[in-house]
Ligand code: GDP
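Before any questions on binding or motion, here is one chain by itself as structure tokens, the form predicted alone.
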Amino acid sequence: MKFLEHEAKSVFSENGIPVPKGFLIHSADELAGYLEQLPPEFVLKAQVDVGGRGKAGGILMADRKNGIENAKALFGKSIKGVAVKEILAEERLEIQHEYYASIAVDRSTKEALILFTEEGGVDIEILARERPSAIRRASLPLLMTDIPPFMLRDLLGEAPREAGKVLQSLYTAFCRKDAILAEINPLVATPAGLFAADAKLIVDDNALRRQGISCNRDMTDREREAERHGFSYVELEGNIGVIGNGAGLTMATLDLISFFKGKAANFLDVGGGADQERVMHAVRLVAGVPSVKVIIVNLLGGITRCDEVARGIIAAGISQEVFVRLAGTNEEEGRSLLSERGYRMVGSMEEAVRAAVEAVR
């Protein structure tokens, strides 16, 4: 789950990373109560979970004269389709230099990947693509509680020693919060020292309960419904709904859709032993995606009975065309039930996918 900037800065501050003085507001009028506590010039930052927020107009410079007016303008905006409901008003830093620091889980090595460069800022992605050697990196086993001094020296280069303390604190926050990413971009040098001018923190979804987080707000309502039913579900951007049993079979279905130049709308694995009710909920869930024009149901009956699957599809009563591939336990009964009611049965996964792609064209 992604933390908003003010939440990430709160975590970083708790772990010893300097952050600018600021206040979270929910209306422009609320800013009036903080004006005297802010410096004469400050920054208004929309708290929205989108990339490129600054370039999209989500960050405004302000002072005590125009602050409330600018806050009203920002609250009236939608940043990349996301309405602004919270604003972080914080001191404007006198920036002398910008650095970049991040720690992420490297899934290929199962270690913490630490990145640092003296060239931080909004174009860090371009730097990583065009001059990757400008970004120093190091890997650290996640069982280690601190970054070794020799590793810090190699990472920092000519950066001030204070940056080493920030990196060490960032790693502490990363471990304590079960994060998969902790990032400061930019980490800025000012006459008063280093500050995290921006902050990003993403916590592993599997650790939310341990972190005391009861609701993953990154999930859509449909994803929450899928979680309630115990489905493995991911929303995509296509128009072909996909239901399978087993992650491998479902992924293979998505791969075939891509091979035949189609686009999947979702990944949904109903799991093993799915009964009529479970299949019904799965079909209705996928059919409820506005972009879905057709649905592929690709199920192999082992502990899952094909006749139960068929009854679930029929009970769902959806309007979209469903291409069904069933094989295994009670296969003939399942096929018979569906064929009697006009459902299109296919003999193979490839045939189902090809037919679905042609149908949406």
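Values in this document were obtained by computation on a predicted structure and should not be read as measured data. Sequential numbering from 1, following the sequence displayed.
Heads up, the form predicted together with the ligand isn't pictured, but that's what we're talking about next.
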- prompt: Looking in the predicted bound form, is the ligand within 4.5 Å of a heavy atom from each of 112, 178 and 182?
  reply: no
query: Taking the ligand in the predicted bound form as the reference, which of 202, 159, 257, 93 has a non-hydrogen atom within 4.5 Å?
result: 93
query: Among 164, 262, 186, 246, which has at least one heavy atom within 4.5 Å of the ligand in the predicted bound form?
result: 186
message: Check residue 317 for me: does it contact the ligand in the predicted bound form (non-hydrogen atoms, 4.5 angstroms)?
response: no
message: Since only the chain is shown here, I'm wondering whether residue 311 would be in contact with the ligand in the predicted bound form (any heavy atom pair within 4.5 Å).
response: no
query: Quick one: does residue 40 come within 4.5 Å of the ligand in the predicted bound form, counting heavy atoms only?
result: no
query: Would residue 121 count as a contact of the ligand in the predicted bound form, using a 4.5 angstroms cut-off between non-hydrogen atoms?
result: yes
- request: Name the stretch, out of 95 to 103, 277 to 285, 136 to 144, 247 to 255, where some heavy atom lies within 4.5 Å of the ligand in the predicted bound form.
  value: 95 to 103
query: Are there residues in 197 to 233 with a heavy atom within 4.5 Å of the ligand in the predicted bound form, and which are they, in order?
result: 197, 198
